[in-house]
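Next up: a single chain in C-alpha cells, the form predicted on its own.
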C-alpha cells in the first residue's frame, strides 16, 4: 500500500470513529489531508460514517478538482489553512455539539474562545480564534483564515462549529476531539467559579511540550 492509499484508509477510519461517537451527524463536517501532489478531501454531502476511500475528492495544490467525487463546499477554508500554515497536514471541520454550542454564546473572548481549562487543550489545540458568521460554503471563510496569517491552528466559526488543524490526520482528529471535550467542560461549568491554568502554567506547557 502506497502512502496515498494508506492516508485514504486513515481518513475513512478516523472519520467513521468521529461519526460513531457523535462528533458529526448526517452529512455534517468535512475533513482533508495533504498529499505530495495535492489534497484529499471528504466529498460534498457525504456522511463521515460511510466514506469510500476510492471516492474521496482529490484536488491539486491550486484547488482544482482532479479526481473522485465533488469536494466539500467548504474547500475554501481548508485551502486557506494549507496556504498560511505550511506545517498543516490535515484539517478537521466538525459541527460537534459542545463546540458549536460555545460558538453560539455571546460574551466569549474572540481571541481565545477556548481558555486554558486543562493542560491538554493547551498542548493539542492552543488558542482558538472566534470568527464572525458567514453562510456555509462562502469564500469569505478562506479570506478570514488568510487574514490570521497562520497565527492560529484552530478557529471556531460563529454559530457553525470548530475547524482544527494538525501535522497529520491523526493529530488533527485528536485535537478536534480535545477541543470538543474542553468545550463540553466549559458548558458544564458555565455558571460555576472556574480555576483556569495560569499564564505561568501555559508557558511551562509550551516550553516542555511545544506548541503547534
Ligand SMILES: O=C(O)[C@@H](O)C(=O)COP(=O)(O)O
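Positions refer to the first chain, counted from 1. This structure is a prediction, so every number in the text was calculated from the model and none was measured.
Heads up, the form predicted in complex with this ligand isn't pictured, but that's what we're talking about next.
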Query - Pocket accessibility after superposing this ligand in the predicted bound form (3+ atoms within 2.4 Å of backbone/C-beta) - result: open
Query raised in the report: Which single stretch, out of 80 to 88, 108 to 116, 122 to 130, 93 to 101, brings residue heavy atoms within 4.5 Å of this ligand in the predicted bound form?
Result: 93 to 101
Requested in this report: Classify residue 140 as contacting or not contacting this ligand in the predicted bound form by the rule of any non-hydrogen atom within 4.5 angstroms, answering yes or no.
Outcome: no
**Report entry** Contact label in the predicted bound form: residue 28 to this ligand, heavy atom within 4.5 Å
**Finding:** yes
Query raised in the report: Hey, in the predicted bound form, is residue 67 touching this ligand, heavy atoms inside 4.5 Å?
Result: no
Query - Contact label in the predicted bound form: residue 160 to this ligand, heavy atom within 4.5 Å - result: yes
Query - Residues within stretch 66 to 102 having a non-hydrogen atom within 4.5 Å of this ligand in the predicted bound form - result: 72, 73, 74, 93, 95
